[in-house]
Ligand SMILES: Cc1cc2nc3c(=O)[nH]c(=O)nc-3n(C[C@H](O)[C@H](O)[C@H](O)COP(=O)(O)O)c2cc1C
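Shown next as structure tokens: one chain only, the form predicted alone.
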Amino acid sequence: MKNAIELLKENDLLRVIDEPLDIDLEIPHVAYVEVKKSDSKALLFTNPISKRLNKTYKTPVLMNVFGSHKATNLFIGKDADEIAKEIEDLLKLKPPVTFGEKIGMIGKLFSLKNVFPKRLNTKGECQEVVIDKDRVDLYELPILTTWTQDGGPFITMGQVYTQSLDGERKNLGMYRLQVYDKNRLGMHWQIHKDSANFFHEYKKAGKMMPVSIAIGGDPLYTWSATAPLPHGVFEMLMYGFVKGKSARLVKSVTNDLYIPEDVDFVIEGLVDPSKIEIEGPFGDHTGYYTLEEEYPVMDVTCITHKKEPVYLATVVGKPPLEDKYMGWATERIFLPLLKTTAPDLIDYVMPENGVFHNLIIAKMKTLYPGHAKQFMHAFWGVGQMSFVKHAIFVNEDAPNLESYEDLSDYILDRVQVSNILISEGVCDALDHASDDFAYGGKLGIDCTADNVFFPKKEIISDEKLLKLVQEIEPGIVDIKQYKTYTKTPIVVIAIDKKEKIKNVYERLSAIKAHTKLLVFVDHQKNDVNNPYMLIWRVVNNIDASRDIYLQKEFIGIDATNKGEIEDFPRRWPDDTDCDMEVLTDLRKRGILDIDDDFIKRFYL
């Protein structure tokens, strides 16, 4: 990580914090706040401590390494769109005809030699210090506890290296890893991931599964671990392609897995497929806690590290966070691969407050009636895109996909009930809103045609509308109207819920002359004047098959928390809220320079 630190310093993208701060809550809270700033920087904590364990660590903690577009491009080495163009050119390669074309192809093919990792016969920097099984103690690493309800410390930036039972297929993934005790880790590889598929091979064969977890090194290793490559493709190939040079790998000390020679830490171990244990809860990138579930456990057989390692970590919770920038790079770079399945796709975007799989907006070349709905099914059947909950499709004449104000106007002028598709399918295992684990409703909206011809609504002031709705439903505390000049004016309704929202929606049909789209949220934890966080709340909290109500020219969305009123079969998780005592103390000590408005704006 030292090269990464120097690069960040040279580009004024690093803030060094020398004051002793606790690995439990304090360091994560500082990082959580920093990355929400418009000028966010990476943070190097040089004196981490643990009051809980009565420890002072020599190993510094580095966070928010991908904390800006500039930093992300620095570690990728070039602009993300430039890499996408290189991938697109490769996908379009045709057999050469002329001598010049043959020479050009030789050059392109020769450059691909750098894609493949090189296996070294030597030890790596990551193995300068070897801690054998008898001396292993995970508590000697400054592993963070991020949120008050977390089940314990979690490794959040681990590069998890696994391979199939026959050793032919390799995988690099990123999964959170809970520290159970000094030599056991919970392996949160979700049911749809390659590592989970490998795990089932070992389980069927009744054999122990080797795992090596790397931390640190080139930040691009960590990004590659998140890359949505096709099933069976080793993510280190992506590293070589982007970097233009082969990854240099060395063999782990206690198993046959190969890891990058220059990472800072390696935790090696074995997973017994016959053993599972409760993992979690853990505050995750959705901004909610994910609930306790059973997952495999790794027994640590060895820890190796550099002589002077740096511990790399991240914090996940409510947006915007570091994953915003990592996801942005993924979104741009993998566009050409997505186009191979959906050739009429022009571009797509996953808004940061849509929490990646919860919301995607795609621009397409519309060729015939129903084309967008065909696209929806294609998206929901492609790799990690199958986890997308809400997809909105716009035509090629739509504004730039990142011009959200203009784009939302375009979308709202094209929303009508007949263009809404509600389906069901697989969901991310982190989704909490569906009745069933990892399976629930999906929403697709076809906004490719300008064919909404209904009469415009009679818009009245917020004050008049609030009075009107409170006469119908006294539990409504506040309202805010948005985009009243479009063909789909919106009313956000903050309510003290006493019954099913569907009943309230039906009674509010009396106001359909004044609005078209009602969005219901709980008044206790939502600000109707904060559209950024309202979008985050809505796409997290709804299951399309249950929470969307449709009448002609009148649509309802129930984004309230679900529970006994709805006979919700699962436990609804809490938000990832900061510990206010910790925040207050950090502000008093001058570590955090934020005001109450900042806390309110980001639902801290």
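Note that the structure is predicted; figures quoted are calculated from it, not measured. Numbering starts at 1 and follows the sequence shown.
Although it is not shown, the form predicted in complex with this ligand is what the next lines describe.
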property: Heavy atom within 4.5 Å of this ligand in the model of the complex - residue from 228, 381, 475, 152; result: 228
property: The single option of 171, 146, 358, 178 touching this ligand in the model of the complex, heavy atom within 4.5 Å; result: 171
property: Per-stretch contact check against this ligand in the model of the complex, the hit in 463 to 471, 523 to 531, 220 to 228, 257 to 265 (non-hydrogen atom, 4.5 angstroms); result: 220 to 228
property: Residue 386 within 4.5 Å of this ligand in the model of the complex, heavy atoms; result: no
property: Proximity of residue 316 to this ligand in the model of the complex, heavy atoms at 4.5 Å; result: yes
property: This ligand contact at residue 347 in the model of the complex, heavy atom, 4.5 Å; result: no
property: 4.5 angstroms heavy atom contact with this ligand in the model of the complex for residue 189; result: yes
property: Site test, 195, 235 and 323 vs this ligand in the model of the complex, non-hydrogen atom cutoff 4.5 Å; result: yes
